[in-house]
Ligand SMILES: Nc1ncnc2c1ncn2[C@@H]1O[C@H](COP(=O)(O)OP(=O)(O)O)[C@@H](O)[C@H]1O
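Given as structure tokens, the chain that follows is alone and in the form predicted on its own.
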């Protein structure tokens, strides 16, 4: 299976400027490689998160294609895309995406619950919570957790399905050094087990875990 972008570009409208569009990502070809961590770094506004969101199926490109095993994600209807993404892509988005009515353990198990009639893998979820040092908070609600703890919960949730592709947008934002290392070691282990990991980050510490480091500026790789 492969996940790759072909000439993807993303424009956003902007009012009150000489140009009526802002090009966040200029045409880019990009391939994710199984068993590797590819890190994308660069200043804020360079297009890193926009590219990741196009690859994850949540932001439609202005032009170009995002192909998952030959299927263009953006030719699918919403239900087909959601199912394909849930099965094959583990996403760690920016911000806090926990469902407030569920416990931390239930939030982590959510990807397995959404499209399956099988029992949720509780043991797997608890194992991941242990690895991100949240096992003692499994039964708490999200509003009991700090921002850094919610980031670690999102990491555990993204890894639950053992997806072939892990797309991580600033997964260590707001974490102390000890928790940065625990998260990065877990992502490194995930890649070593055969998944392709895309890591968007400003953390210098992350570089020693990556197989390849790319820098974006002005919507282009430099």
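Positions refer to the first chain, counted from 1. Just so we're clear, the structure is a prediction, and the values are computed from it rather than from any experiment.
Below: the form predicted together with the ligand, not depicted.
Proximity to the ligand in the predicted bound form holds for none of 56, 71 and 74, with the criterion being a heavy atom within 4.5 Å. Interface residue remark: residue 174 is not counted as part of the site for the ligand in the predicted bound form, having no heavy atom within 4.5 Å. Contact check for residue 24: a non-hydrogen atom falls within 4.5 Å of the ligand in the predicted bound form. Residue contact check for residue 44: one or more of its heavy atoms lie within 4.5 Å of the ligand in the predicted bound form. The ligand is not drawn, but in the predicted bound form it has no heavy atom within 4.5 Å of residue 157.
In short, of 44-52, 175-183, 60-68, 190-198 it is 44-52 that has heavy atoms within 4.5 Å of the ligand in the predicted bound form.
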